[in-house]
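Okay, so here's just one chain, in structure tokens, the form predicted on its own.
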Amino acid sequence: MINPVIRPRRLRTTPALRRLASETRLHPSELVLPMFVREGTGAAVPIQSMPGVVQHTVDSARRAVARAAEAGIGGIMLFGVPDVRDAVGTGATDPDGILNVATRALVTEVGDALVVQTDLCLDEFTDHGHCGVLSADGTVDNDTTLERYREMALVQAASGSQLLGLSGMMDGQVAAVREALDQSGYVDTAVLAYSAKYASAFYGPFRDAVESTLVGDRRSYQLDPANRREGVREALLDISEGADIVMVKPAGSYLDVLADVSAVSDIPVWAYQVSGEYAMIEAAAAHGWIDRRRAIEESVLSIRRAGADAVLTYWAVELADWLTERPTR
């Protein structure tokens, strides 16, 4: 009879031992809640492809962010959904545009209880749905777009955003925004670079959430899902340009890229558990095919295990509540 000397199962035998030997833990402060605020609606509007997620009014967003602060999460990432769009995304730089109005309201509501962050990208505000200004031939003009990003940065910082989420994937965007902020005295406004943002099929429900007008795709500026090293290269470039945090997006299908970036980064690395990841788990759970709570916890834990210091997830508040439950005796 074989009698193994080395028995790894010893550390799995009881809940107390498993808890003591756990290598990765979740905490509410490591979670960020993406939120959508819509212009011109009198009540929160459910997003059909994302059960449980809504387009908020400014008032309902105030209540939601107060609840998020109460749950102890680290922050919220705010996206605006305007009534009117145009070729250059004028609403993004209008101080009275929905994103900037909502930012001021939410900063007033929660103060320093959590970090109010804003998405800095033109796609929600352009009538063509791209993340930048188009050239005459219909392609995205990288350098003209950078000027619009600089303008957006100043308006968002003036509105009270503490962290600007640069998600457009334009070359040089971090350097351009950092320079604009510093020259205007916003030296303490932080920059989150969506460094390794892939041209993913998992963004579909998000485009419902922001009522995207995109025709075509964003493969000329978002990363090819086949490319692993390129994600690291982009992160290192953003770090060299002054990013305070770098991001990998999506999270679940890019854990290898996340681990690679985490291994070389000397600044925090975050990951975005995107709308498609959320929708798949919710749909499977609704059919009774998986245990919803366990699947949510495992999916976010895997992102942390791969190297994310924080996770953007639509389950942030619900998960935070679970994490702070007192164990039953």
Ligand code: PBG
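This one's a predicted model, so the numbers in the text were calculated from it and none came from an experiment. Each residue number is its position in the shown sequence, starting from 1.
Although not depicted, the form predicted together with the named molecule is the subject of the following passage.
_Which is the contacting stretch out of 40-48, 267-275, 63-71, 22-30, given heavy atoms within 4.5 Å of the named molecule in the predicted complex?_
Heavy atoms within 4.5 Å of the named molecule in the predicted complex occur in 267-275.
*Can you check whether Ser167 is within 4.5 Å of the named molecule in the predicted complex, heavy atom basis?*
Close contact exists here: in the predicted complex, Ser167 approaches the named molecule to within 4.5 Å, heavy atoms only.
*Can any non-hydrogen atom of Val191 be found within 4.5 angstroms of the named molecule in the predicted complex?*
No, Val191 sits far enough from the named molecule in the predicted complex that none of its heavy atoms falls within 4.5 Å.
*Classify Gln222 as contacting or not contacting the named molecule in the predicted complex by the rule of any non-hydrogen atom within 4.5 angstroms, answering yes or no.*
It does: once the named molecule is placed as it appears in the predicted complex, Gln222 has a heavy atom within 4.5 Å of it.
*asked:* Please tell me whether any heavy atom belonging to Trp315 falls inside 4.5 Å of a heavy atom of the named molecule, as the geometry stands in the predicted complex.
replied: Looking in the predicted complex, residue contacts with the named molecule do not include Trp315, since no heavy atom lies within 4.5 Å.
_Quick check on this chain: which one of Arg150, Arg218, Arg85, Arg104 has a heavy atom within 4.5 Å of the named molecule in the predicted complex?_
It is Arg218 that has a heavy atom within 4.5 Å of the partner.
*Are there residues in 247-268 with a heavy atom within 4.5 Å of the named molecule in the predicted complex, and which are they, in order?*
Stretch hits: a single one, Lys249.
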